[in-house]
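Listed next as structure tokens is one chain, alone, in the form predicted on its own.
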Amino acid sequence: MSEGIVGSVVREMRSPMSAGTDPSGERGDVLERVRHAILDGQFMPNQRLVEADLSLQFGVSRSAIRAVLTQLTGEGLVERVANRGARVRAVSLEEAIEISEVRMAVEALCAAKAAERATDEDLAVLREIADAMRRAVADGDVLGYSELNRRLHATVRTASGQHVAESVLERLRGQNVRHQFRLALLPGRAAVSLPQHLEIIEAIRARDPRRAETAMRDHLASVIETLPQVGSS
């Protein structure tokens, strides 16, 4: 695992803003807005983030923007460049693969714990997701399937009760979101991943931790194998 990934996770876990203790409501709100602008592609990789421009765009003080950029640097979404200021950090293919390798280890743990701890409500939600995934693939609804993919992984994390793992995975997802989106749009990818997702769901519903862990590892191994087809950001 690279020092950059470990550092960003540790800084995020220590950050007072991430713990919900931000004394400024203004800063907390703009943090979410800038973060979503990056994740949604409104700000592109390597795009400069000028404090004065962002202050006008989001209607907040430059000091609030400065604090937000510091926070997002800790999350790995922004980087500081000497004599150039801040810019959206571009994640290379090599780093995207490494992030996915970390996800594989942590999400496998979450899948195993979810098989042990999932409530009846969690299991019902997983069944609904499975049915919706089948329909999305049958209908060729790639974007809908991509959203169900996100929802499935989030449901497994929540059901696992592994709060530290959930926090780590959310940070890693943010850094890797563009590669994940490109992967979702790859022709035929949904049909490949559907049986993998269904196996994860069935293993958790069967309350079989070992099977669930193996299913999650196999799925993310497939993601890692396919990532080179989508290139770098």
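Bear in mind that the values here come from a model prediction, so they are computed numbers and not experimental data. Counting begins at 1, following the sequence as shown. We call the rigid core whatever largest set of C-alpha positions still superposes within 1.5 Å between the two forms.
Below, we turn to the form predicted together with the DNA, even though it does not appear here.
Annotated contact segment (heavy atom within 4.5 Å of the DNA in the predicted bound form): 84-92, selected among 117-125, 139-147, 84-92, 101-109. Proximity to the DNA in the predicted bound form, defined as a heavy atom within 4.5 Å, holds among Glu51, Glu199, Glu170, Asp208 only for Glu51. A single residue from the set Asn46, Gln42, Ser61, Gln57 has any heavy atom within 4.5 angstroms of the DNA in the predicted bound form; that residue is Ser61. Remark: Arg66 counts among the residues lining the DNA in the predicted bound form, judged by a heavy atom distance of 4.5 Å or less. For the chain shown alone, Arg135 is not a contact residue for the DNA in the predicted bound form, no non-hydrogen atom being within 4.5 angstroms. Using a 4.5 angstroms threshold between heavy atoms, Arg151 stays clear of the DNA in the predicted bound form. Along 210-230, not one residue places a heavy atom within 4.5 Å of the DNA in the predicted bound form. For Ala138, a C-alpha deviation below 2 angstroms is recorded between this form and the one not shown after rigid-core alignment.
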